[in-house]
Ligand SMILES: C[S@@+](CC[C@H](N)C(=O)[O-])C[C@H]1O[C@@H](n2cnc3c(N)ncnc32)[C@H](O)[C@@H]1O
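One chain is shown next in structure tokens, namely the form predicted alone.
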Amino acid sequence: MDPKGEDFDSELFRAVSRDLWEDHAAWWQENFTDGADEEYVEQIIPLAIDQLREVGATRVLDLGVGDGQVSRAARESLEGDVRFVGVDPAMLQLRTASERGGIDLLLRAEAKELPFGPSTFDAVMACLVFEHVVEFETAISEVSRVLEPGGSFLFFLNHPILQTPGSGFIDDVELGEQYWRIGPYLVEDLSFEEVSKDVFIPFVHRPISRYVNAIAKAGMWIDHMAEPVPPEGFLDKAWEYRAAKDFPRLLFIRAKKVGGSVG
């Protein structure tokens, strides 16, 4: 589905996406929270904690908070008085986040319209969120708006190389090898992917440059970027994963809102 095509209905895509996230929130919680997912446990959560500590965050917005696992782990690890606020469009996610605790305030909201005033937070983190957001430029502008000058945007993304249409493992019988095929990377694409039986999740593929340019346009500058090797727990799941360990699954970008001190 071409997001720039004349026949594309962004409101319909968003409406279907909201329903799917609500319908499949329990599936997500079962498979990706409370220690169930190696990539969160071994890589995403530790990286988020390290970055929050490095930027000295005290007022954190967890955008797409889900069940709250990242903020909850950060609260347990960080020293000092750090306040965490979480937003998510799915009520079941917010209900579970409230039950599991660790978040000071939870609100139902979408990334494109955050219910906060300017300069409310000194850090905003979004863990694997923007690959599901249609109006991503508006959402990134909202992140900048609610950040105070000098505040940090901690941006975690399923690496766009994974979301390229047509990408995936290929078994080449003639050559007797398996490899990862990369599809048309520059083609933007919106799709509903069946990630498990009868579980469809909306995904949006964009080249990295689209995100970088949107961050710059919103008045933020990138001061750190990482494409880490997948964690051991994930690589141990299957031999083909380890064979493709040099393909990054995660992209991390840290951006600072213009107006703060540099260096």
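Residue indices: 1-based, along the sequence shown. Quantities reported herein were computed from a predicted structural model and do not represent experimental measurements.
Another form exists, predicted in complex with the ligand; not displayed. Remarks below refer to it.
Among residues of the shown chain, residue 146 is not one whose heavy atoms approach the ligand to within 4.5 Å in the predicted complex. At a distance threshold of 4.5 angstroms between non-hydrogen atoms, residue 70 is in contact with the ligand in the predicted complex. A residue is said to contact a partner when one of its heavy atoms sits within 4.5 Å of a partner heavy atom; residue 252 fails this definition for the ligand in the predicted complex, lying far away. Although the partner is absent here, residue 137 sits far enough away that none of its heavy atoms falls within 4.5 Å of the ligand in the predicted complex. Although the partner is absent from the chain shown here, 21, 88 and 133 each have a heavy atom within 4.5 Å of the ligand in the predicted complex. Proximity to the ligand in the predicted complex, taken as heavy atoms within 4.5 Å, picks out 105-113 from the listed stretches 147-155, 166-174, 188-196, 105-113. The single contact residue among 129, 123, 97, 74, judged by any heavy atom lying within 4.5 Å of the ligand in the predicted complex, is 129. Contacts of stretch 18-54 with the ligand in the predicted complex, defined by any heavy atom lying within 4.5 Å, are made by 21, 28, 40, listed in sequence order.
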